Each structure stands twice: as C-alpha cells, then as structure tokens.
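Quick heads-up: it's one chain on its own, the form predicted alone, in structure tokens.
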Amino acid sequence: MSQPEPQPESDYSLSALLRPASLLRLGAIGVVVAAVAGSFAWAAGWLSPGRLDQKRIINGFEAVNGPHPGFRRNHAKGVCLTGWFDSNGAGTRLSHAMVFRTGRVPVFGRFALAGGMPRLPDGPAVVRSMALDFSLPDGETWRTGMNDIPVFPVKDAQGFYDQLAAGVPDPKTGKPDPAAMKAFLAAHPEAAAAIARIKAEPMSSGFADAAYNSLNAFRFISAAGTATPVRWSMVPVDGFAPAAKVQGSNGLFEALAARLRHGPAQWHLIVTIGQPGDPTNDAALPWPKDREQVDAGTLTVSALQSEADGNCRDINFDPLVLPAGIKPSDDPLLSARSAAYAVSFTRRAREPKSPSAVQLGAPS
C-alpha cells in the first residue's frame, strides 16, 4: 500500500487555401484562412508563449502537487456516484431545459476532494466537490461541478494561476513560501476577502450533509426567451453536523459509503435568482442572502462505485456542457475552467492508470 501523501500546509492551494479575378478571390480566401488560423494559434498560446493559457494553469497544478499520471490535476481523489433527479416542474418558469420538466432523469457523477494529490489523507477542512451528469431524454447532457464553499477564492484565471504559483513548495522546506502567499494576497485583495468568507462558513462533517454550490453564475432561458441570471446549490436533506476529526486516510469517503448503506442520500436543487447589480462575472463575490430561491427538484444518490474503466473516472465534467435553456454568464472563470479541464482530460487519457486510492470496502 502506498504511503499517504503529506497534507499541504496552505489550504488556499482551498484552466485554447488563371485569371486575375480568380487570383484576387484566392488571395481574399488566403487572408481569411490566415486570420482564422491566427486566431486559433492565439487561443492556443502559440504566438504568445508568455501569455497565460490553459496549459500553464494545468502545469501550475502539477508544480504544486507533483506528477500523478492518470489522475485529474485537480479533485484527483474521488469516487463515482449514481442516482437520479426528480424535477418538480418549478424550474420551468425560468428555463425551458428539459431537465426542469416534471419527471425523473438518470444522473451519474463524482464526489471528490479539492487538490491534485490522489492519495492525500482525508481531512475535516478539505474542500469537497460534487460533479454531476444529467442524461436528458432528448439526448442532451447537463454537466455541473460544484464545491462546498460559499464563494470562489479568486475572480479570474490570472488570479487562480497566481494562487497556484504562490502554493508551489519551496525545495528547501517542502512547504509553500509564506512570503509568496502574502504577496499573492496583496496583489489580489478580492482573494483575501473571499478566503475570509470561506473560513467563516462552518464545514460539515462529511459529503452527505454538505451543500454544494455552482459558485459561477449562469443564465436560464425561459420558453419566452427571457434570460435570468442564476446560481444554484445542492442543499442536503441530511441535517448538518459540524466537521470533526476524520478517522482513517479515506475516512470521509468511507463515512459516505456507510451512510448510503442505510438508504439513499438526497439534496434539493435550489436555484438562486440574481437581481440587477448582482455580480455575474465574479465568483469571489456572494449575492445578497435575501434573493429569491426556487426549489427545482430533488437529487437522489443511491450508490457509489470506485473509479475504474468506463465510469466517472473517464468523464470530463466540463461546466460548459449545457442543455438548451441554460447558457453561461459573463464569468471569465467558466471558459477558463472548461479549457483547463480539457487539457487535464487529454493528458490523463493518454497516461497509464493506477487504481484509485478509494477502494470501497477496502481497509484504509
């Protein structure tokens, strides 16, 4: 059995072709092709190697966490979930997405811990995530990745990359340099405020009693074409219990498995409706607590599976995989997350796979 990886000291470290007229037409086509090729090259960073792009973000994860071939570069430690979503129809006034019509759709997904170390021992303060894939009857898919924190630590990709860079371990100590983190917080005052909000929010005892938040804003599009800014949360039916010492290196996952042996766990999909002036482009800022909320239905998680070939391990939970009726907002983190997830997925898809650290039923 491999040795557990050390817990990082910093918890902040808490993603893109013979006549003159014919020659003129060919020349024009050539200009268009060159422009299109240039735009792709710019998006991929080929023409500006110093520019921040999705590859540099994933390289940042690898610098902080070390090499772990075959695993996600973030949220590396996890298990697969299966279940279903029962819509109560209340969401249809906001969105014409099929998922909100009254009825049941199958769901699979993943519970995980933030961070890129797949064998990191579970801890009471580690950020937890829930990623879901709603498989809709019309063949569409809705994927969403949520975290059990109230806001995101930074507002854009540059801030996220700078946060990663500040968390790179010092070769002499094996720990992040406190001066680097201090400099990061000075350069990104929004991060200091967001981290304070995160730390002020009590952590739950485990996965089953945690609320998971979209953090990013999206737009719901009604049948009449009305766009409404929203954020959503999965709010647990299980009563909240405060975080406590975790027993065993996989204690949070084992506790979740034990909980499900007593019956399915459930969450309400709560949609929060934004009002004019509420920030849709900054996930580090909360919306006022008095905003209208709509309970759109109930998620039921009935079973867990260890990650293996063909299940949630091999899925990219891209937050921009959206059905008709849901669109992204102007939050720059959405495109950054989508691009970084694609790089992480491509890298791990071609790497040899190791068994997940979480083998359900196995001793920790």
Ligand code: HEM
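This structure is a prediction, so every number in the text was calculated from the model and none was measured. Just count from 1 along the sequence shown to find any residue number.
Keep in mind the form predicted in complex with protoporphyrin IX containing FE is missing from the figure; the text below concerns it.
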| query | finding |
| --- | --- |
| M146, A166, V230, A191 - the one with a heavy atom within 4.5 Å of protoporphyrin IX containing FE in the predicted complex | M146 |
| Of V99, L81, A131, A210, the one that lies within 4.5 Å of protoporphyrin IX containing FE in the predicted complex (heavy atoms) | A131 |
| Which of 199 to 207, 250 to 258, 179 to 187, 212 to 220 sits within 4.5 Å of protoporphyrin IX containing FE in the predicted complex, heavy atom basis | 212 to 220 |
| Interface membership of L333, protoporphyrin IX containing FE in the predicted complex, 4.5 Å heavy atom rule | yes |
| In the predicted complex, R119 touching protoporphyrin IX containing FE (heavy atom, 4.5 Å) | no |
| Any non-hydrogen atom of I315 within 4.5 angstroms of protoporphyrin IX containing FE in the predicted complex | yes |
| Heavy atom of W142 within 4.5 Å of protoporphyrin IX containing FE in the predicted complex | no |
